[in-house]
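Form predicted on its own, single chain, as structure tokens, below.
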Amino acid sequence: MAILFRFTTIILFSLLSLLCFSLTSSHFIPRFPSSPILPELKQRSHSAQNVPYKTKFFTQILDHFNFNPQSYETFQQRYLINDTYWGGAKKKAPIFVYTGNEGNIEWFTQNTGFMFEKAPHFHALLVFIEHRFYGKSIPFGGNKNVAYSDNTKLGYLSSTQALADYATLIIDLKKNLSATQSPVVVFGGSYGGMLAAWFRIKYPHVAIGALASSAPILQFMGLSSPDIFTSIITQDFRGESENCYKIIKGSWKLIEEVAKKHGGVEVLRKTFRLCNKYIDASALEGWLRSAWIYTAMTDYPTPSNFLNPMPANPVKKMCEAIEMGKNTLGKLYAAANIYYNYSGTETCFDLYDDSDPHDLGGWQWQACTEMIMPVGGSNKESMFPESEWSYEDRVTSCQSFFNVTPRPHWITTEFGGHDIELFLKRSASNIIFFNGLRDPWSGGGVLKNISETLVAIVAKKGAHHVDLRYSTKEDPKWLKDVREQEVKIIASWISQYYQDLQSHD
């Protein structure tokens, strides 16, 4: 999901990918660290490590909403399937579907252990569908260079097209499996969580319910404050240590001052062990922002390897590193090292790394069309430099990069958002909204119950879709309770579906 930050550069970043660029340069800094990001294996439960999935492809239509000749073109959409625990079509056993995010579907599958672990309990078939234009689900002959070449092709990349893809694939799959009466529950985290919620709203005849984890469906213009994102990150760090907060808050001015001194850039390069021979202060600041943002997002209570290998409670670990450092620059390096090099394998860091290990690049287009999410303003109390979010800057950059003008109110027109309680109460049911309050995206989430079947589960110590992760022996009680509550609610949906089906027959 994309968002615009306005510091010394314009920053567009998704829920999971950070893309920074200036108005005069197309060079991106930094998305992920330069080292390869390995699939999460060590954090899985023993039983989940051996759960396989089969890779399949579905012939998908290019355009669901028009009937001109090009609309009938097709592409191969990837989906992953696991039938190890499925009770089968004859028993009308449920089908659990993950609505894919803005990236490679295998990555999200590897980090959504909740579905694998609960499949035996529900005798569920598991299906993970890849979002169009990401991973291997590339239109126009599967050629990414062609598909991403201009806005006449990227115009087919949108949330509404993706939802229609999911509906079409699910209906066809159920038909082929002779499982037309098997209930479908959709799952998703982050942007995938938004899609899961929207899918239930738009396609209630296809899915009986949705678990929308860390889904900021209210993070749009006119619905939330642009500075809520950075305010939550600030709270996370300040809550650990006032001194930690003050050092980070004062670091931006310090870095710029050091960079202006004779030999200062070399001091920064050596202190932070940067691979680049030539750097500037803004690139280093962007590198540090990435560390603080992503660590707050993934401030999990157990060790993780979702974005990078990190310890349990990494925000706390960062602040401890800051407290132990000898000088301010050294303190900042030690803290950033928790995110970028906890495994201890990196010898230096590339500030200008533009690799895309999880195929997240398509989000730039979505951030310039419909996903206009005001995030990045910073108030006086923020640990980031004080700034204001600017829609005008977004327009300028999107016109420059894609020759396209954003439609800032399309998402709320299509899916709703204003008066969310009244809207959803009238039009929807059977959605779980999970949010962890340590996650900066929770500021745009649904944080209170709307009805008996529209349930908000809020975890004070939770981070970004932590409920969907594989369980571990070290999981705190509150996390176990969250998952147990979700299982009970989903079970009630399925039970009600069978009752309705029986009474109908």
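Keep in mind the model is a prediction, meaning the values are calculated, not measured. Numbering starts at 1 and follows the sequence shown.
From this point on, the text means the form predicted together with a further copy of the same chain, which you will not see here.
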How about His358: is it within 4.5 Å of a further copy of the same chain in the predicted bound form, going by heavy atoms?
no
Under a 4.5 Å heavy atom criterion, is Leu422 part of the interface with a further copy of the same chain in the predicted bound form?
yes
Answer for Lys118 alone: is it within 4.5 Å of a further copy of the same chain in the predicted bound form, judged on heavy atom distances?
no
Any chance Ile61 has a heavy atom within 4.5 Å of a further copy of the same chain in the predicted bound form?
yes
For the chain seen here without its partner, which of 241-249, 84-92, 159-167, 377-385 has a heavy atom within 4.5 Å of a further copy of the same chain in the predicted bound form?
159-167
Using heavy atoms only and a 4.5 Å cut-off, determine which of Gly330, Pro303, Pro204, Gly264 is in contact with a further copy of the same chain in the predicted bound form.
Pro204
Have a look at Thr345, Asn176, Asn143, Ser427 for me and say which one sits with a heavy atom within 4.5 Å of a further copy of the same chain in the predicted bound form.
Ser427
Going by heavy atoms, what in 54-75 lies within 4.5 angstroms of a further copy of the same chain in the predicted bound form?
Ile61, Asp63, His64, Phe65, Asn66, Phe67, Asn68, Pro69, Ser71, Tyr72
